[in-house]
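Next up is one chain by itself, shown in structure tokens, the form predicted on its own.
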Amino acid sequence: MLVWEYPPRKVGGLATHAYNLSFQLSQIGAEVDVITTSFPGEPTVEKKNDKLIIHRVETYNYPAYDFINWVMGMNNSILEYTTDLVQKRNFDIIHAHDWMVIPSAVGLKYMIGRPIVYSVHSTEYGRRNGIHGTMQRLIHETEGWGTYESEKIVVCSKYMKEHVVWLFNVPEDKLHIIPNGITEPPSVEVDTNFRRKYAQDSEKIILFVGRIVDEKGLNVLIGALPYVHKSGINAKLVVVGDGYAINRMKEIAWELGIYDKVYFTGYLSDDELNKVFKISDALAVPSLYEPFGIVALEGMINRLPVVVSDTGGLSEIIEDGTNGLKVPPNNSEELARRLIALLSDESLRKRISELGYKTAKERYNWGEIAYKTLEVYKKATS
């Protein structure tokens, strides 16, 4: 299994996905070697259990002057490392996660004669709403190369299946829909003093969790906050995450006169994030593009009512008015209207929270996802 980020290196949801999938696969009998990038203080080889080994390859000693050059250097390092590994172990499947490891996955395919299963978690076209420059073209073509070289492709939603078929002209029978999963977090005690780190006692907390990039729609949520305040609800927006658009988001909050009502926390540890979920009153997922929407499940499993954009995989997770609320994408006023409804109606909040929890717990179980993935492996090798 090739994946550029793996805990404790966590940049987005990919690391959590790879961690849970690899562990659950090892629990049902698959032998899994995860090839990922190095992390300070972590061993090069870590045996998690009898069937799961993590290999952290040193990829930061390659002199790269930009992101693409670093990615290619990372693939060179992975190929160098795995060339030795495949002489010692017999592998049946190469499972590649996203475009960043496609060059090394394809190299391995021709080196050992084994098929690739390619998980497409998102596309450059979708993230950027088109292909607008040379770097985006390179990423797009690498994604297409992966769809061509792979035996089977895994996507997380019906939306992504249709998107990949259209974008790369892939035969439908090559794709398999397997959703992302969620695990129930440990129970945590949260006191008033912890909540006061983020908001005053009189303030409701609206939570945003994710990378602060254009496609996540944080600007839409910040734009909704003045409408919430005009309704008479005293609310604080807590923004967890980081990304290239963070300074622009801060500027938008400042220009709207609500900078003191938006708390940018940066990256939080899992423990602290769990506590923040517990103290919040609503989770907003205002994405403009979202192949799946794992953060919505994170809110639901924490019994937090969610409001999401009616787009991509989010549309498939949420049934409006039942286990969450949906709003049209890129519409601050409508997003505010649904947030006001949640924040002003305790019974609605409670009902949606409980149905959301039930959905996350029953439908998005990692054990079931591992079994489905193993079936794809079997089809790829048959």
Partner chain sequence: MRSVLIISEEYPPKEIGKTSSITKFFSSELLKRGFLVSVLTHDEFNVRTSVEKSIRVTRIRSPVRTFYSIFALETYLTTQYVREGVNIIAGEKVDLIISFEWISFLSAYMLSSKFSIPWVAIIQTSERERSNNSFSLLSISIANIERNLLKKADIILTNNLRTYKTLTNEYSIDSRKIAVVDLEAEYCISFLLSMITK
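Keep in mind that what you see is a predicted model, and the values were worked out from it rather than measured. Positions refer to the first chain, counted from 1.
The same protein also exists as the form predicted together with its partner chain; that form is not shown, yet it is the one meant from here on.
Q: With the partner left out here, if you bring back its partner chain in the predicted complex, are A64, E80 and M111 all within 4.5 Å of it by some heavy atom?
A: Looking in the predicted complex, the three residues A64, E80 and M111 all sit within 4.5 Å of its partner chain (heavy atoms).
Q: Is I68 part of the interface with its partner chain in the predicted complex - any heavy atom within 4.5 Å?
A: Heavy-atom contact with its partner chain at 4.5 Å: present for I68.
Q: In the predicted complex, does L138 come within 4.5 Å of its partner chain, counting heavy atoms only?
A: The answer is yes: L138 has a heavy atom within 4.5 Å of its partner chain.
Q: Taking the shortest heavy atom distance, is M72 within 4.5 Å of its partner chain in the predicted complex?
A: Taking the distances in the predicted complex, the answer for M72 is yes, it comes within 4.5 Å of its partner chain.
Q: Might D84 be said to contact its partner chain in the predicted complex, defining contact as any heavy atom within 4.5 Å?
A: Close contact exists here: in the predicted complex, D84 approaches its partner chain to within 4.5 Å, heavy atoms only.
Q: Pick from 178 to 186, 254 to 262, 209 to 217, 141 to 149: which stretch has a heavy atom within 4.5 Å of its partner chain in the predicted complex?
A: That would be 141 to 149.
Q: So which of V106, L221, V117, A282 reaches within 4.5 angstroms of its partner chain in the predicted complex, heavy atom to heavy atom?
A: Checked against the cut-off, the match is V106.
Q: So which of N169, T192, T134, N247 gets a non-hydrogen atom within 4.5 Å of its partner chain in the predicted complex?
A: That would be T134.
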